[in-house]
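Next up: just one chain, as structure tokens, the form predicted alone.
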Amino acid sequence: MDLELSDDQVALRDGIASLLAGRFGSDRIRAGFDRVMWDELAAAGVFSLGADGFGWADRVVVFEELGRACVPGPLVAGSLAHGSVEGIVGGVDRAAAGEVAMVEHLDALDRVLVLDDDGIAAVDAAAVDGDPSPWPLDPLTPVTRVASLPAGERIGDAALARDWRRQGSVLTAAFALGLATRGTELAVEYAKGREQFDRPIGSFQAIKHLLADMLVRAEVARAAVYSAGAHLDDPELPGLDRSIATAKVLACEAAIVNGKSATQVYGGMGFTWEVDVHLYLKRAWVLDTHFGSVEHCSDAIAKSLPSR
């Protein structure tokens, strides 16, 4: 399997990176998700990549760049549901009896796509009632606690729900990879410019080791995520679910640990609202809950291994 980006994928990556740099700077990102942002991303073709002939390996490249920019919003759901449901869509698993569902960006949604054992149902967002969290983990991902989700209109069977979970896991892993990569870049930039004892702090061995570990973590995750994207394009090859779970584990772990390491490199500054690194760490924590946590996916990998 060739995991090097093709010339077309490099052009795709550079194109979306240029768009995000021009339109989605830090101030815009910090203002949060809204309908204008959705429309701009849709006009750029972010959600219609599949319909436009791009494969999953290509979509991984785009979502990695979205992660590097820390773009907020129900982006994965928008990509999965393109062509099936109109408007701004979010996704959530139907909670078990006695548990609550955590619906993200509810106020901005037109429809909520609910995945359960029977398939996928589309629910009118206006019909969903819940309690908004006053202190969401990620300030750019508002969350509403919903005790009971309406049945909604069935738009897909169990097989489609399984496919969406696989594809959503890979896109989420790609976004997390972007978070891990940008966290490394931010930490390196700061370590080169911040001086202590008349030397850049990046010259101290303790900081060098942190940065080197961050780079290695991101590169290992990149190999796994690119492999999972290519695997989705050829799903008949064996080991698809293990490949996806491995990508999710490595990418989310890299995003979380790199976010913590970047905060450490920044020192006290890393805990302030003005520095962006906390936004990357908090998004990484949120993404870890989507399509199975690191622990859940690790268990799935272990169960897939042949017994001795």
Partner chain sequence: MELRYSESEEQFRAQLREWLEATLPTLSPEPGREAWPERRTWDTDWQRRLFDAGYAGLAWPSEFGGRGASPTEQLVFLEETTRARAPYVGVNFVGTLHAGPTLIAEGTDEQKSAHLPRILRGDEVWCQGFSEPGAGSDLASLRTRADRDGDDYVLNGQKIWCSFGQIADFGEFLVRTDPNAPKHKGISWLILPMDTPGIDVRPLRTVLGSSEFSEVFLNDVRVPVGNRVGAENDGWRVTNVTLSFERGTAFVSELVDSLRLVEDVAPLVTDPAYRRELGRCAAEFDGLWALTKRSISQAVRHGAPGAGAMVTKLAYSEARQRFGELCLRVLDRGALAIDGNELVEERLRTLALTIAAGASQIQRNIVSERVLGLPREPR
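Given the structure is predicted, the values throughout are model-derived calculations rather than measurements. Numbering follows the first chain given and starts at 1.
This next part talks about the form predicted in complex with its partner chain, which is not shown.
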item	value
Candidate spot D213, D234 and P306, all three touching its partner chain in the predicted bound form (heavy atom, 4.5 Å)	yes
is_contact(R242, its partner chain) in the predicted bound form, heavy atom dist at most 4.5 Å	yes
Partner proximity in the predicted bound form: A224 to its partner chain, non-hydrogen atom cutoff 4.5 Å	yes
Touches its partner chain in the predicted bound form: G87 (any heavy atom, 4.5 Å)	no
Its partner chain contact at P200 in the predicted bound form, heavy atom, 4.5 Å	yes
In the predicted bound form, the residue from R145, R162, R154, H209 that sits within 4.5 Å of its partner chain by heavy atoms	H209
Residue among A108, V220, M102, L140 with a heavy atom within 4.5 Å of its partner chain in the predicted bound form	V220
Partner-proximal stretch of 47-55, 248-256, 279-287, 30-38 relative to its partner chain in the predicted bound form, 4.5 angstroms, heavy atom	248-256
Sequence-ordered residues of 60-82 touching its partner chain in the predicted bound form, heavy atom within 4.5 Å	V61
